[in-house]
Ligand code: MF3
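Presented below, as structure tokens, is a lone chain in the form predicted on its own.
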Amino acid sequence: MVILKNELDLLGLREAARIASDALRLAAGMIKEGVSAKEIDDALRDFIFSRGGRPSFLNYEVDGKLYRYSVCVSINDEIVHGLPLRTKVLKAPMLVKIDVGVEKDGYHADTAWTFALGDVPERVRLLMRATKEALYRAISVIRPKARISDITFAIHGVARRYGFYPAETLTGHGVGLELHEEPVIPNNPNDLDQDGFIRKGMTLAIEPMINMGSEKVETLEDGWTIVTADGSWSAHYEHTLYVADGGVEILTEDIDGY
């Protein structure tokens, strides 16, 4: 069931989104050689708690498994849900994706960003640009009475124009009172088994995950980390937004330049 939010809910959602965006800024300043993913996880966990929030991912349960970390740190061919392990040490050239969820006073916001460490190939820079463009192109089509599939085809169209592929099976989602709510928002048209209308009051997490190679994905033995099947690199950007009468209010922030 889709949970519609009102103006009072929006106040809480904005605060959760503000903390999540500030946590991503903190992460951006930590993307340096020799820093471990665990150090990033520890720092963002402490920061979120210091702001009166709670990491939405911490102890999140899926199929009987608990996620024991506060954020996701995915590198290179890891698309999403990368574990922030002590042994995962940043070293250039590398593509680093940080995914942050924050719950504050019962409201959740979800955001992710991709960072280049060192002199990554120009094709990787193009991947980052295409994925971010897909995010904003998707947001531009969102308004009451548009369709969920409009978002999917917006992401797919940008990715294919650049010669890249939206990862299969990985989706955006509703967010707000829970970390994951309906509707499911596929990035890849092959995953569109149903459609629906966008309505005022929806809060959505739009998150294109785009691969340099094929759309195929695999899950590692840890049960969480999803990687590209062909080993190609992938990028991931995500905003939480609120659907208003005439369009959207983007609640999380664009943090490039920090």
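These figures come from a predicted structure and were not determined experimentally. In case it trips you up, residue 1 is the first one in the sequence shown, and so on.
Although not depicted, the form predicted together with the named molecule is the subject of the following passage.
H180 is the sole member of R137, H180, R160, R125 with a non-hydrogen atom lying within 4.5 angstroms of the named molecule in the predicted bound form. Judged by heavy atoms within 4.5 Å of the named molecule in the predicted bound form, the contact stretch among the candidates 213-221, 59-67, 29-37, 186-194 is 59-67. At the 4.5 Å threshold, heavy atoms of H156 stay clear of the named molecule in the predicted bound form, well away from it. Remark: E238 counts among the residues lining the named molecule in the predicted bound form, judged by a heavy atom distance of 4.5 Å or less.
Contact check for R143: every heavy atom lies farther than 4.5 Å from the named molecule in the predicted bound form. The named molecule is not drawn, but in the predicted bound form it has no heavy atom within 4.5 Å of I151.
Although the partner is absent from the chain shown here, none of L44, R54 and E103 has a heavy atom within 4.5 Å of the named molecule in the predicted bound form. Of all the residues from 88-123, those having a non-hydrogen atom no more than 4.5 Å from the named molecule in the predicted bound form are D99, D110.
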